[in-house]
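Presented as structure tokens, the chain that follows is alone, the form predicted alone.
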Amino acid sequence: MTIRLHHVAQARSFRILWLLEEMGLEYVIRHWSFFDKSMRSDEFRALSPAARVPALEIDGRVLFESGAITEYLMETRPHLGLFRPPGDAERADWLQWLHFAETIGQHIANLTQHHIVLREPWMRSPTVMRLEARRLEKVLEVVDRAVSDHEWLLPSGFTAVDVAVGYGVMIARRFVPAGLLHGVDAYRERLIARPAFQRAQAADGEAQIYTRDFYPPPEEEGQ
């Protein structure tokens, strides 16, 4: 049965696109857009009730949360080596990093909303934009400490949690400049050098969300 990924370029569904490449699984992509209202259709909501990506058709069903999809792929295909199952010494750390990816994603989502989705300046809160950029930097410091001691998040090597967190590291560069966290910078370089990442990037599609390399927070008044 064909694995089908419903995907928007640059969105969180890139995590699953990248993970499928790391796993060497065959799949097809259906590309969607945030901006043409197609994701509000009954067709798409039947796949993802919240009208979000990813949605993954697999094994005769549909999954629509990237964390759940990651766990499902790992549990059903553990032989591919990107998992730490119950009983493994790194299991707790693997789970913690998987869910920490959502902490990173929360701050990225808030910044994306303010910088990109809210198109008119009067809609935005400069205070929130500055605060969220600082918060994003703080959560990246957690990653920085981990990858300063070893190449990947877990000492034993690369796993699916590097994909989940790594996507956040990639998008965070749009809001937190390079050079602040040297461990994260080196980690990012290792991630983008992976052949599976490069294949996923080639399949990602035309940029829809982030059209600038960097979105600086507004300066505080009086500066």
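The numbering used is simple: start at 1 and walk along the sequence shown. Predicted, not measured: the structure shown is a model, and the values here were computed from it.
Unshown form predicted in complex with a small molecule; subsequent notes refer to it.
J.: Which listed residue (Arg188, His31, Arg174, Arg52) meets the criterion of a heavy atom within 4.5 Å of the small molecule in the predicted complex?
T.: Of Arg188, His31, Arg174, Arg52, the residue with a heavy atom within 4.5 Å of the small molecule in the predicted complex is Arg52.
J.: Tell me, out of Asp144, Asp93, Glu137, Glu102, which residue has a non-hydrogen atom within 4.5 angstroms of the small molecule in the predicted complex.
T.: That would be Glu102.
J.: Does the small molecule come within 4.5 Å of any heavy atom of Lys37 in the predicted complex?
T.: Result no; Lys37 lies far from the small molecule in the predicted complex.
J.: Please tell me whether any heavy atom belonging to Glu65 falls inside 4.5 Å of a heavy atom of the small molecule, as the geometry stands in the predicted complex.
T.: Flag for Glu65 set to yes.
J.: Leu20: heavy atom within 4.5 Å of the small molecule in the predicted complex?
T.: No, no contact at 4.5 Å.
J.: Give a yes/no on whether Ala11 approaches the small molecule to within 4.5 Å in the predicted complex, heavy atoms considered.
T.: Yes - in the predicted complex, heavy atoms of Ala11 and the small molecule come within 4.5 Å of each other.
J.: Heavy atoms within 4.5 Å of the small molecule in the predicted complex: which stretch in 65-73, 174-182, 153-161, 23-31 meets that?
T.: Result for this chain: 65-73.
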